[in-house]
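So this first bit is one chain, no partners, the form predicted alone, shown in structure tokens.
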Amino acid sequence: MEDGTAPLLALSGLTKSYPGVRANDDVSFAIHAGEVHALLGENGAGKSTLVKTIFGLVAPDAGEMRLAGKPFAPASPQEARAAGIGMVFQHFSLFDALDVAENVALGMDTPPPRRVLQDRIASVSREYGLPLDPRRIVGDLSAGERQRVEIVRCLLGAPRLLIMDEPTSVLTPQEVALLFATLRQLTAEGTAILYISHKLDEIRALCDRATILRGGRVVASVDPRESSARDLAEMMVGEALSAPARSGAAGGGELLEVDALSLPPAHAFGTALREVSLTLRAGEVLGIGGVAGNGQDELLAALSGEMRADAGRIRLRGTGVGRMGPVARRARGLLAAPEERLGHAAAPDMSLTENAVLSAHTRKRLARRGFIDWRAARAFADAVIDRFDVRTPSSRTAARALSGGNLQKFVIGREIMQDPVVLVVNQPTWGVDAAAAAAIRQALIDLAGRGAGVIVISQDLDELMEVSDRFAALNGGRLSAPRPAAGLSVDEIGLMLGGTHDMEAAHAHPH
């Protein structure tokens, strides 16, 4: 902790510019041994550039770093690791077809013999409470177990500083508790942790210090335990935030009925859907939680029509749509926005206007007799940009040129402004900053308030509890019986996510 001792890592005046943007602007702060130090900020605040500088992926234009009092300027991640810096990235860099030990070896400059490495992995995973079998194939692991592989890979290098980027975004509450116990053990041994997360209640529970970035500059340094989550969010955004307001309109007529829907996995390491059943009423938001890889992508694909179920039925307003393709389902009002923004929800090299046509040509009548009405298409794209505050030079801008948060606002807005009967969204605020996330959640609630049915599939439990009328958990391709979201405890939700709920009268299935 900060007790007058010299810091482990001191950053002084770090500045980094890219064409048109100053990513880091005179950033200075210090991290001490045995401290969990939070780095907070909206998308685009400069967090990624800063940690890439520390990890040797980016060279600053100005400023300096000192590690244990000595000048520190790693030219590569290998140099950073050799100096005692470890990093667990938000998106895991693992090969599904290889086992745990093979994946760990790939991340080492000079891996030891396989038997020795297996023993070290088993020993370190036991020592830090991270159960892991070095012989298991990574494609068969849960998201939480995959994260353990990444952490153990770092711990084998005995890091002095461990950087963690959104480490709990794919974990159940029980796995989060396990991770926090591991991190506290590491800090008790003197390891420093730089912790990046948008989950502010976690920051308040875990971190000793928080440095807050806005527009590339340090705007505050606080003890997060002495600030509320709202205070921290408002420091990040620079303005007051309001919680989404519920309309209370749930409970209309039945819009969507899914009965015993089954679907094979989309790929070798995908998850089969197993007899998924649900009903959705007008004015209702149904939240579906689940750790990544439990059938979320398959469920959205089955509902949107991208994949045809091999068993079960889907009825929209009483009409069977299970045999229809995506265009026919959209025409009837069943719309979907997938998790992967670039490449699935939007074509990267197409303009926003062209991307608007891709999904809205039927319901907004943007094409007639095979010809696109470009004036109408531009007007629709401009309306989405205006209503959802999408920061872009114009509707002619290519999708890939937008930040992740702005593209997400465009994708969600494009679907909402087609007035769907039912909208299914997967990870609607993934990687989106606090202000944009609040706007998207409010837009989904407002859509339900106008009588639509909304299904929100998300790994963010706080988000689901904020927007949902009912909550169900997806585990191993099975959906639990939905329960009213009000009054559900974190423990109950965690058990549902882990698959130890009623499992539709004990349909237990072997892994």
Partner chain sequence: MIRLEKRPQPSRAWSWATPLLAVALTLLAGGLMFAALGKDPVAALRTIFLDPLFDPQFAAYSRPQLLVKAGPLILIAVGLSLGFRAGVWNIGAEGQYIVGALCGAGAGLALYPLEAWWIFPMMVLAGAAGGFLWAMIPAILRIRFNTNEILVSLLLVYVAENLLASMAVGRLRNPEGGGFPGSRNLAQWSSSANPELIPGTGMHWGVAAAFIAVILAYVLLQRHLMGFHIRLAGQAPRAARFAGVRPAVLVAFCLGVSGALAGLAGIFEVTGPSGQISIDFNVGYGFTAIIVAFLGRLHPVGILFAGLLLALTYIGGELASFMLNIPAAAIQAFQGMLLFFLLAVDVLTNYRIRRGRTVTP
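Numbering follows the first chain given and starts at 1. Just so it is clear, the model here is predicted, and its values are computed rather than measured.
There is another form of this protein, the form predicted together with its partner chain, and it is not shown here; the text below is about that form.
J.: Does Ala345 reach its partner chain in the predicted complex if we count a contact as any heavy atom within 4.5 Å?
T.: So Ala345 counts as contacting its partner chain.
J.: Gly404 near its partner chain in the predicted complex, any heavy atom under 4.5 Å?
T.: Looking in the predicted complex, residue contacts with its partner chain do not include Gly404, since no heavy atom lies within 4.5 Å.
J.: In the predicted complex, does Ala367 come within 4.5 Å of its partner chain, counting heavy atoms only?
T.: Yes - in the predicted complex, heavy atoms of Ala367 and its partner chain come within 4.5 Å of each other.
J.: Are any of the heavy atoms in Ala398 no more than 4.5 Å from a heavy atom of its partner chain in the predicted complex?
T.: Ala398 belongs to the contact set for its partner chain.
J.: Which pick from Glu354, Glu202, Asp208, Glu145 sits with a heavy atom within 4.5 Å of its partner chain in the predicted complex?
T.: Of Glu354, Glu202, Asp208, Glu145, the residue with a heavy atom within 4.5 Å of its partner chain in the predicted complex is Glu354.
J.: Could you spot which one of Leu162, Leu286, Val432, Ala336 gets a heavy atom to within 4.5 Å of its partner chain in the predicted complex?
T.: None of the other options qualify; the answer is Ala336.
J.: Judged by heavy atoms and a 4.5 Å cut-off, are Glu166, Glu175 and Val222 together in contact with its partner chain in the predicted complex?
T.: Contact check failed for every one of Glu166, Glu175 and Val222.
J.: Among 118 to 126, 225 to 233, 410 to 418, 314 to 322, which stretch has residues whose heavy atoms lie within 4.5 Å of its partner chain in the predicted complex?
T.: Heavy atoms within 4.5 Å of its partner chain in the predicted complex occur in 410 to 418.
J.: Even though the chain is shown alone, can you say which residues of 353 to 374 have a heavy atom within 4.5 Å of its partner chain in the predicted complex?
T.: Result: Glu354, Val357, Leu358, Ser359, His361, Ala367, Arg369, Gly370, Phe371, Ile372, Trp374.
J.: Between the shown chain and the other structure, the Cα gap of Gly405 to Asp61 differs by 3 Å or more. Is it closer or farther in the predicted complex?
T.: Nearer in the predicted complex, by 3 Å or more.
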